[in-house]
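Just one chain is shown here, as structure tokens, and it is the form predicted alone.
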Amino acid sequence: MQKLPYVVVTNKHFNEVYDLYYTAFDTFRKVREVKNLDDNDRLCATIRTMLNAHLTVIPKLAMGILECNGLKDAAELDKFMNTILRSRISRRVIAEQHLALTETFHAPWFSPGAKLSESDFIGEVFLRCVAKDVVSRCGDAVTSIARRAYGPDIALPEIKIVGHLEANFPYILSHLEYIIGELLRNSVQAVVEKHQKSKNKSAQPPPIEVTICESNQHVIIRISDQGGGIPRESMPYLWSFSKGPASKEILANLGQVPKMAATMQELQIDDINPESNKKIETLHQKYGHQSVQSLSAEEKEREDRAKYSSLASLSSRPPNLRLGMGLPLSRVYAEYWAGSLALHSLEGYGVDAFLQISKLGNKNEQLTTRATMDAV
């Protein structure tokens, strides 16, 4: 960040992000060496505070990029944004993993050396992400979001899932749900809005087809819709954080989102309520092969953590608010874990989105180099 031109780095949003990271560095350098569990608990308290404080980083960076259009080449700003987001993911994954492992250690069900079941987490890593289940959960969430945005009587497209329905792999669940949630939300919005303009509004809108394909090294998820495709004038800005003609509108929308965890859960803020009984539904979804009554204390503890940890949202976002960063941020997530995200648009017909997921442990993740991170 210090290598950016002076006129860019003095932007108030970039300046606030710089201050956040400087404060975090200054705070952590004063943390004494961890020698016992009490020291670790104090470290965890500091980590939680920093994670919550840094929920403002993504919207501030995005607003800074948009406000600095014209002051620096858009490609250079996108390169900076991608680098700092990868660095942010690295730090948050390490922090979240440490918190999760600490909570596991303190849990009453924890037994050192015990064999993990296939449905278990290791920290934040879900050992058996079943692609079909993840797509189904994201589809249900996106459907709920669409009904809040367009009204309860709106005709929504069916989400069909075909292919290798048993495909599974280890992954960080919140990252995968964010990517698939954004892709499905884009498809549902496009299909609904095209259908509303059609002459036969009473007919059922065309379905969204999700195809899952598994190989030894990868799982590929294709999401196909008939939402009319992406306008040609929008294509140059599709993967860019600098949105060209739409910058002013996106900037105004970002002003309504002071915090952003970049998880699918933040789109469901009404459902994340400690007083609600949504936990039972989530347990059925995640552990459908068991009854809720048969869940062990271990599984219930892990479900609580997945739902209320900082990976679950501490922020809110209106369901119909478009921020223009879902696709580029999703690609950063995908590429960070040695995957890829690509779109093929047929203007006037629809879009095919291809998400390639590398099975973790089979390939080196695309980690940012130390020198590049220091340059940020």
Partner chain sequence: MGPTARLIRLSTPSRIVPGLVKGRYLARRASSTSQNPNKEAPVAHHHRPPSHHHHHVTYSETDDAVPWLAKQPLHRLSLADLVNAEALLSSARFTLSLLPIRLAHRIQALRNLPYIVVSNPNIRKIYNNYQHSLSTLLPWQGRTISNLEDEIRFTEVLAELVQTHTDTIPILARGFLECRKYISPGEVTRFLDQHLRARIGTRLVAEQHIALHYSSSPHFDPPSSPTPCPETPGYIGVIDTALRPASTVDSCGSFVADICELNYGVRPEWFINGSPETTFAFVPTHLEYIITELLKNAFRATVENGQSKSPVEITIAPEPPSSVTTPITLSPPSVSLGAFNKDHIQPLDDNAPGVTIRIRDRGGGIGPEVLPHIWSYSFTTFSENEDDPPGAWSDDALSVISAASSGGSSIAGLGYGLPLSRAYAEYFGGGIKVQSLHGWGTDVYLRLKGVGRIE
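Nothing here was measured: the structure is a model prediction, and the numbers come from that model. Positions refer to the first chain, counted from 1.
Not pictured, yet referred to below: the form predicted in complex with its partner chain.
> Only one of 73-81, 213-221, 141-149, 167-175 gets a heavy atom within 4.5 Å of its partner chain in the predicted complex; which is it?
Replying inline: Answer to the contact question: 213-221.
> Of the residues E209, E103, D133, E96, which one places a heavy atom within 4.5 Å of its partner chain in the predicted complex?
Replying inline: Comparing distances to its partner chain in the predicted complex, the residue within 4.5 Å is E209.
> Only one of V31, A53, L346, A45 has a non-hydrogen atom within 4.5 angstroms of its partner chain in the predicted complex; which is it?
Replying inline: Residue within 4.5 Å of the partner: L346.
> Does the trio I89, E193 and G324 actually contact its partner chain in the predicted complex, every residue with a heavy atom within 4.5 Å?
Replying inline: Checking in the predicted complex: none of I89, E193 and G324 is within 4.5 Å of its partner chain.
>> Within 4.5 Å, heavy atoms only: does Y21 come near its partner chain in the predicted complex?
In response: Although its partner chain is absent here, Y21 would stay clear of it in the predicted complex, with no heavy atoms inside 4.5 Å.
> Does its partner chain get within 4.5 angstroms of any non-hydrogen atom of L37 in the predicted complex?
Replying inline: The answer is no: L37 has no heavy atom within 4.5 Å of its partner chain.
>> Check R232 for me: does it contact its partner chain in the predicted complex (non-hydrogen atoms, 4.5 angstroms)?
In response: Contact check for R232: yes, within 4.5 Å of its partner chain in the predicted complex.
>> Test of understanding: in the predicted complex, would E16 fall inside 4.5 Å of its partner chain by heavy atoms?
In response: No.
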